[in-house]
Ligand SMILES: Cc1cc2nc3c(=O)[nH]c(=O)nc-3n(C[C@H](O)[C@H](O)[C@H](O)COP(=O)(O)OP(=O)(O)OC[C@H]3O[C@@H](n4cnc5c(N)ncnc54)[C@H](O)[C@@H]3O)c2cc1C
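Just the one chain here, the form predicted alone, laid out as C-alpha coordinates.
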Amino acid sequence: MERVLFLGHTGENGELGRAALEALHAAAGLAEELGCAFDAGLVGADVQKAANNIGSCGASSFFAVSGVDFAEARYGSDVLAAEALCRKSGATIVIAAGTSRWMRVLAGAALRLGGRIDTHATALGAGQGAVSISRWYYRQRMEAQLSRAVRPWIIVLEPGSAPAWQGEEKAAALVDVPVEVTDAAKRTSFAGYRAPQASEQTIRPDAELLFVAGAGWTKKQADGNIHIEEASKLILDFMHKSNASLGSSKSLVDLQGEGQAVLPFLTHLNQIGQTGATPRHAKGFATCCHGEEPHVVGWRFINERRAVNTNPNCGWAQGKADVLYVADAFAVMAKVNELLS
(Lines give C-alpha, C1' and ligand atoms only; values in the text may rest on other atoms or scores of the structure.)
Protein backbone atom coordinates (compact mmCIF):
# COMPACT_ATOMS: atom_id res chain seq x y z
CA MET A 1 0.00 0.00 0.00
CA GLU A 2 1.34 3.40 -0.98
CA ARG A 3 1.63 6.26 1.51
CA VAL A 4 1.94 9.88 0.39
CA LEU A 5 3.87 12.64 2.12
CA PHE A 6 3.51 16.31 1.31
CA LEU A 7 6.76 18.12 2.05
CA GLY A 8 6.67 21.89 2.57
CA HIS A 9 8.76 24.70 4.02
CA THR A 10 7.57 28.00 5.40
CA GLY A 11 8.41 31.42 4.03
CA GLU A 12 9.44 34.60 5.78
CA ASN A 13 5.92 35.10 7.16
CA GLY A 14 5.77 31.62 8.67
CA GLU A 15 3.22 30.42 6.12
CA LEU A 16 3.33 28.15 3.10
CA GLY A 17 3.78 29.82 -0.28
CA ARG A 18 1.50 29.34 -3.26
CA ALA A 19 3.79 26.72 -4.84
CA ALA A 20 3.64 24.66 -1.63
CA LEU A 21 -0.17 24.86 -1.56
CA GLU A 22 -0.23 23.64 -5.16
CA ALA A 23 1.90 20.65 -4.17
CA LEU A 24 -0.42 20.01 -1.20
CA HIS A 25 -3.44 19.99 -3.53
CA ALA A 26 -1.67 17.50 -5.79
CA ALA A 27 -0.63 15.29 -2.85
CA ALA A 28 -4.13 15.21 -1.37
CA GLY A 29 -5.62 14.44 -4.79
CA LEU A 30 -3.16 11.63 -5.45
CA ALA A 31 -3.80 10.07 -2.03
CA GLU A 32 -7.54 10.18 -2.67
CA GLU A 33 -7.07 8.59 -6.10
CA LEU A 34 -4.92 5.84 -4.59
CA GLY A 35 -7.25 5.37 -1.63
CA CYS A 36 -4.36 5.70 0.81
CA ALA A 37 -3.40 7.94 3.72
CA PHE A 38 -1.17 10.95 3.38
CA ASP A 39 0.91 12.99 5.81
CA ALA A 40 2.17 16.55 5.85
CA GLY A 41 5.79 17.32 6.74
CA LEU A 42 6.75 20.93 7.44
CA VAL A 43 10.13 22.62 7.86
CA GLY A 44 10.78 26.10 9.24
CA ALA A 45 11.60 28.22 12.24
CA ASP A 46 8.06 27.82 13.63
CA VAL A 47 5.58 25.83 11.57
CA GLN A 48 2.51 25.85 13.82
CA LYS A 49 0.89 28.72 11.91
CA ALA A 50 1.45 26.97 8.59
CA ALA A 51 0.08 23.70 10.00
CA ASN A 52 -3.07 25.43 11.27
CA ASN A 53 -3.58 27.06 7.86
CA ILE A 54 -3.77 23.61 6.24
CA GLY A 55 -5.27 21.80 9.23
CA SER A 56 -8.36 20.75 7.27
CA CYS A 57 -6.44 19.28 4.32
CA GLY A 58 -7.12 15.69 5.46
CA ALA A 59 -3.57 14.71 6.38
CA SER A 60 -3.35 11.83 8.86
CA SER A 61 -0.38 13.36 10.67
CA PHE A 62 1.45 16.68 10.71
CA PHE A 63 5.17 16.17 11.20
CA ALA A 64 7.41 19.13 11.98
CA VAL A 65 11.12 19.88 11.92
CA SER A 66 11.44 23.36 13.37
CA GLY A 67 13.86 25.67 15.10
CA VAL A 68 16.32 28.43 14.38
CA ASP A 69 18.54 26.05 12.39
CA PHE A 70 15.72 25.62 9.84
CA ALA A 71 14.65 29.26 9.51
CA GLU A 72 16.63 29.85 6.32
CA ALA A 73 17.55 27.70 3.34
CA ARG A 74 20.78 25.74 3.83
CA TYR A 75 21.68 22.43 2.25
CA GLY A 76 23.31 20.86 5.31
CA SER A 77 20.32 21.31 7.61
CA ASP A 78 17.51 21.08 5.02
CA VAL A 79 18.65 17.70 3.69
CA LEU A 80 18.65 16.33 7.24
CA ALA A 81 15.13 17.68 7.80
CA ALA A 82 13.77 16.22 4.57
CA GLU A 83 15.35 12.84 5.28
CA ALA A 84 14.00 12.77 8.84
CA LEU A 85 10.45 13.64 7.77
CA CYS A 86 10.43 10.98 5.06
CA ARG A 87 11.67 8.31 7.47
CA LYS A 88 9.19 9.34 10.17
CA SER A 89 6.26 9.17 7.78
CA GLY A 90 7.36 5.98 6.09
CA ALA A 91 5.95 7.42 2.87
CA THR A 92 6.55 5.71 -0.44
CA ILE A 93 5.58 8.79 -2.50
CA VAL A 94 6.90 12.20 -1.46
CA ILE A 95 5.54 15.32 -3.17
CA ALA A 96 7.14 18.77 -2.87
CA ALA A 97 7.01 22.06 -4.73
CA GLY A 98 9.81 23.00 -7.11
CA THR A 99 11.02 25.95 -5.03
CA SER A 100 14.68 26.95 -5.07
CA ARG A 101 15.02 25.68 -1.49
CA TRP A 102 13.74 22.18 -2.20
CA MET A 103 15.36 21.88 -5.62
CA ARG A 104 18.77 22.23 -3.98
CA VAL A 105 18.36 19.46 -1.43
CA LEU A 106 15.82 16.81 -2.38
CA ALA A 107 18.12 14.92 -4.73
CA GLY A 108 20.51 14.49 -1.79
CA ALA A 109 17.64 13.34 0.41
CA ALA A 110 16.58 10.77 -2.20
CA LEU A 111 20.12 9.40 -2.28
CA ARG A 112 20.23 9.09 1.53
CA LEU A 113 16.88 7.30 1.53
CA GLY A 114 17.91 4.91 -1.23
CA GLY A 115 15.08 6.20 -3.40
CA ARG A 116 14.66 8.11 -6.66
CA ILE A 117 13.63 11.64 -7.57
CA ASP A 118 11.97 13.29 -10.56
CA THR A 119 11.75 17.05 -10.89
CA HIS A 120 9.67 19.43 -13.06
CA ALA A 121 6.61 17.19 -12.92
CA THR A 122 3.50 18.95 -14.25
CA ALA A 123 0.80 16.39 -13.39
CA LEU A 124 0.24 13.33 -11.20
CA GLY A 125 -1.97 10.34 -11.85
CA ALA A 126 -2.80 6.90 -10.48
CA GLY A 127 -4.31 4.95 -13.35
CA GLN A 128 -5.00 1.33 -12.39
CA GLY A 129 -3.25 1.90 -9.07
CA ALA A 130 0.11 2.77 -10.65
CA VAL A 131 1.45 6.24 -9.90
CA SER A 132 2.70 8.21 -12.88
CA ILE A 133 3.80 11.75 -13.59
CA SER A 134 3.77 13.97 -16.64
CA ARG A 135 6.90 15.86 -17.65
CA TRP A 136 7.78 18.05 -20.64
CA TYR A 137 10.96 17.70 -22.69
CA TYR A 138 12.65 19.51 -25.58
CA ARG A 139 11.53 22.99 -24.56
CA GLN A 140 8.00 21.83 -23.76
CA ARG A 141 7.41 20.33 -27.20
CA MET A 142 7.12 16.70 -26.05
CA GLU A 143 5.21 15.44 -23.03
CA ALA A 144 6.12 12.13 -21.42
CA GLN A 145 4.47 10.02 -18.76
CA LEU A 146 6.83 8.32 -16.33
CA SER A 147 6.42 5.72 -13.62
CA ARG A 148 8.89 4.15 -11.20
CA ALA A 149 8.95 0.98 -9.12
CA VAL A 150 11.66 2.16 -6.72
CA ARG A 151 10.46 3.57 -3.42
CA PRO A 152 10.57 6.07 -1.89
CA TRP A 153 9.90 8.19 -4.96
CA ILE A 154 10.29 11.94 -4.50
CA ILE A 155 8.28 13.99 -7.01
CA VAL A 156 8.97 17.71 -7.34
CA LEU A 157 6.01 19.55 -8.85
CA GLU A 158 6.58 22.49 -11.17
CA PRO A 159 5.02 25.66 -9.71
CA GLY A 160 1.87 26.70 -11.55
CA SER A 161 0.96 23.15 -12.59
CA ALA A 162 -1.90 22.63 -10.14
CA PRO A 163 -4.48 24.80 -8.37
CA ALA A 164 -3.50 25.93 -4.89
CA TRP A 165 -5.14 24.08 -2.00
CA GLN A 166 -7.90 26.04 -0.30
CA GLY A 167 -9.62 25.20 2.96
CA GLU A 168 -10.56 26.37 6.40
CA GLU A 169 -8.06 26.89 9.16
CA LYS A 170 -8.02 24.20 11.81
CA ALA A 171 -5.74 23.61 14.78
CA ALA A 172 -3.25 20.91 13.83
CA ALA A 173 -1.53 18.63 16.31
CA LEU A 174 2.14 18.69 15.39
CA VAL A 175 4.42 15.72 15.86
CA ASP A 176 7.93 17.07 16.39
CA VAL A 177 10.66 15.16 14.59
CA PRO A 178 14.03 15.70 16.30
CA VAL A 179 16.96 16.42 14.00
CA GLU A 180 20.51 16.91 15.25
CA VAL A 181 22.27 19.56 13.21
CA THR A 182 26.00 19.05 13.57
CA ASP A 183 28.62 21.76 13.19
CA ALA A 184 29.55 20.26 9.82
CA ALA A 185 25.97 20.82 8.63
CA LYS A 186 26.14 24.47 9.69
CA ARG A 187 29.26 25.47 7.80
CA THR A 188 27.11 27.61 5.53
CA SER A 189 25.59 30.63 7.24
CA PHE A 190 22.82 32.97 6.12
CA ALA A 191 24.06 36.56 5.73
CA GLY A 192 20.94 38.25 4.33
CA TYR A 193 19.03 39.03 1.16
CA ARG A 194 20.22 41.22 -1.68
CA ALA A 195 17.42 42.01 -4.09
CA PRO A 196 16.40 44.87 -6.35
CA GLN A 197 13.79 47.34 -5.17
CA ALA A 198 10.25 46.17 -5.85
CA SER A 199 9.86 48.90 -8.44
CA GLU A 200 12.88 47.58 -10.37
CA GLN A 201 11.88 43.91 -10.32
CA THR A 202 10.67 42.83 -13.76
CA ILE A 203 10.43 39.02 -13.45
CA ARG A 204 7.42 38.16 -11.31
CA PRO A 205 6.46 34.46 -11.54
CA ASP A 206 3.25 34.98 -9.52
CA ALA A 207 1.96 37.85 -11.68
CA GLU A 208 -1.39 37.41 -13.44
CA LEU A 209 -0.08 39.00 -16.65
CA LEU A 210 3.01 38.36 -18.78
CA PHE A 211 3.97 41.39 -20.87
CA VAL A 212 6.41 40.61 -23.69
CA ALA A 213 8.36 43.21 -25.64
CA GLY A 214 9.57 42.36 -29.12
CA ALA A 215 12.28 43.76 -31.35
CA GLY A 216 9.84 46.18 -32.97
CA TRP A 217 10.22 48.55 -30.03
CA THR A 218 13.80 49.31 -31.13
CA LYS A 219 13.13 49.66 -34.87
CA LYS A 220 12.46 52.82 -36.86
CA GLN A 221 8.93 54.05 -36.32
CA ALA A 222 6.51 55.88 -38.64
CA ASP A 223 8.57 59.07 -38.49
CA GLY A 224 11.72 57.20 -39.58
CA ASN A 225 13.42 57.50 -36.18
CA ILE A 226 14.22 55.12 -33.32
CA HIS A 227 12.57 55.98 -29.98
CA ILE A 228 14.41 53.91 -27.33
CA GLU A 229 13.79 56.35 -24.47
CA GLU A 230 10.09 56.61 -25.24
CA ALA A 231 9.80 52.83 -25.54
CA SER A 232 11.60 52.33 -22.21
CA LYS A 233 9.33 54.82 -20.45
CA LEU A 234 6.14 53.31 -21.87
CA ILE A 235 7.13 49.77 -20.90
CA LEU A 236 8.42 50.60 -17.41
CA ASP A 237 5.39 52.77 -16.68
CA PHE A 238 3.15 49.88 -17.58
CA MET A 239 5.20 47.45 -15.46
CA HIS A 240 4.98 49.72 -12.41
CA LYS A 241 1.24 50.28 -12.80
CA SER A 242 0.21 46.73 -13.64
CA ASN A 243 2.72 44.64 -11.61
CA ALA A 244 3.02 42.40 -14.66
CA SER A 245 6.00 40.15 -15.37
CA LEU A 246 8.25 41.28 -18.23
CA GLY A 247 9.39 38.97 -20.99
CA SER A 248 11.31 39.47 -24.21
CA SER A 249 11.83 37.75 -27.52
CA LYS A 250 15.30 36.41 -28.36
CA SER A 251 15.61 38.83 -31.26
CA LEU A 252 15.36 41.80 -28.91
CA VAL A 253 17.74 40.42 -26.29
CA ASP A 254 20.38 39.56 -28.91
CA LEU A 255 20.40 43.03 -30.44
CA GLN A 256 22.90 44.14 -27.81
CA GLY A 257 25.46 41.69 -29.12
CA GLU A 258 24.96 43.12 -32.60
CA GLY A 259 25.74 46.66 -31.47
CA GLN A 260 22.19 47.89 -32.01
CA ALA A 261 20.09 49.99 -29.67
CA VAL A 262 18.42 47.95 -26.92
CA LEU A 263 16.07 48.45 -23.99
CA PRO A 264 18.53 48.79 -21.07
CA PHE A 265 16.47 46.87 -18.50
CA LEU A 266 16.20 43.61 -20.47
CA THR A 267 18.54 40.64 -20.03
CA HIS A 268 18.54 37.01 -21.15
CA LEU A 269 16.68 36.20 -17.92
CA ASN A 270 13.64 37.90 -19.50
CA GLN A 271 13.86 35.77 -22.63
CA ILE A 272 10.71 33.77 -23.47
CA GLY A 273 10.61 30.99 -26.03
CA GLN A 274 12.42 27.96 -27.37
CA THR A 275 15.77 29.18 -26.04
CA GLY A 276 14.34 30.95 -22.99
CA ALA A 277 11.80 30.46 -20.24
CA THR A 278 8.34 28.90 -20.41
CA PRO A 279 6.39 30.81 -17.75
CA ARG A 280 2.89 30.16 -16.46
CA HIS A 281 0.57 33.15 -16.22
CA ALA A 282 -3.17 33.57 -16.55
CA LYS A 283 -2.79 36.06 -19.42
CA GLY A 284 -0.11 37.09 -21.89
CA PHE A 285 0.24 40.26 -23.95
CA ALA A 286 2.83 40.44 -26.75
CA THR A 287 3.85 43.80 -28.21
CA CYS A 288 5.96 44.47 -31.29
CA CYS A 289 7.01 40.85 -31.68
CA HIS A 290 6.49 38.58 -34.66
CA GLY A 291 4.75 35.64 -33.03
CA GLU A 292 6.73 32.94 -34.82
CA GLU A 293 7.00 29.41 -33.44
CA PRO A 294 10.42 29.64 -31.68
CA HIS A 295 9.06 32.49 -29.56
CA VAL A 296 5.47 31.29 -29.15
CA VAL A 297 6.56 27.90 -27.79
CA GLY A 298 7.35 29.73 -24.56
CA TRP A 299 3.69 30.66 -24.27
CA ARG A 300 2.52 27.05 -24.09
CA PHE A 301 1.12 27.41 -20.58
CA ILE A 302 -0.34 30.91 -20.95
CA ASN A 303 -4.13 30.63 -20.73
CA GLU A 304 -5.18 33.73 -22.70
CA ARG A 305 -2.97 35.31 -25.38
CA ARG A 306 -3.26 38.75 -26.92
CA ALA A 307 -0.88 40.63 -29.18
CA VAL A 308 -0.49 44.03 -30.81
CA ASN A 309 1.37 44.37 -34.09
CA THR A 310 1.15 46.67 -37.11
CA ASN A 311 1.37 43.64 -39.43
CA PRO A 312 -2.02 41.86 -39.81
CA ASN A 313 -0.23 38.83 -41.28
CA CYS A 314 2.28 38.30 -38.48
CA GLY A 315 2.66 34.95 -36.74
CA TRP A 316 0.19 35.92 -34.02
CA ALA A 317 -2.55 36.18 -36.65
CA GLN A 318 -2.04 32.52 -37.64
CA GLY A 319 -4.09 31.15 -34.75
CA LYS A 320 -1.43 31.75 -32.11
CA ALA A 321 -3.24 34.60 -30.34
CA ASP A 322 -6.81 34.74 -29.04
CA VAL A 323 -6.96 38.43 -29.97
CA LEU A 324 -4.67 40.40 -32.31
CA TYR A 325 -4.79 44.20 -32.29
CA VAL A 326 -3.50 45.61 -35.58
CA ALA A 327 -2.19 48.89 -34.24
CA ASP A 328 0.90 50.85 -33.22
CA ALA A 329 2.15 49.52 -29.87
CA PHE A 330 3.50 52.95 -28.91
CA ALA A 331 0.04 54.47 -29.23
CA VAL A 332 -1.69 51.50 -27.60
CA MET A 333 0.56 51.42 -24.54
CA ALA A 334 0.41 55.20 -24.13
CA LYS A 335 -3.39 54.91 -23.96
CA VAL A 336 -3.25 51.92 -21.63
CA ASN A 337 -0.93 53.76 -19.24
CA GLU A 338 -3.27 56.74 -19.34
CA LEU A 339 -6.22 54.51 -18.40
CA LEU A 340 -4.25 52.84 -15.59
CA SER A 341 -3.38 56.23 -14.18
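Heads up: residue numbers just count along the shown sequence, starting at 1. Rigid core here is just the name for the largest C-alpha set that superposes within 1.5 Å across the two forms. Since we're looking at a predicted model, the values are computed, not measured.
Omitted from view is the form predicted together with the ligand, to which the following refers.
Checking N303, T310, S60, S56 against the ligand in the model of the complex, a heavy atom within 4.5 Å turns up for just one residue: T310.
Site annotation in the model of the complex: the residue of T99, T92, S132, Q221 reaching within 4.5 Å of the ligand with a heavy atom is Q221. Residues with any non-hydrogen atom within 4.5 angstroms of the ligand in the model of the complex fall in just one of 44 to 52, 63 to 71, 25 to 33, 287 to 295: 287 to 295. Residue contact check for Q274: one or more of its heavy atoms lie within 4.5 Å of the ligand in the model of the complex. Taking the partner from the other structure, the ligand in the model of the complex has a heavy atom within 4.5 Å of a heavy atom of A329. In the model of the complex, the ligand lies farther than 4.5 Å from every heavy atom of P152. Contact check for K88: no non-hydrogen atom falls within 4.5 Å of the ligand in the model of the complex. A displacement of 2 angstroms or greater separates the C-alpha positions of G298 between the shown form and the other one, with the rigid core held in common. Relative to the superposed core, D328 undergoes a Cα shift of 2 Å or more between the shown form and the other one.
The rigid-core alignment places the CA of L30 less than 2 Å apart between the shown form and the other one.
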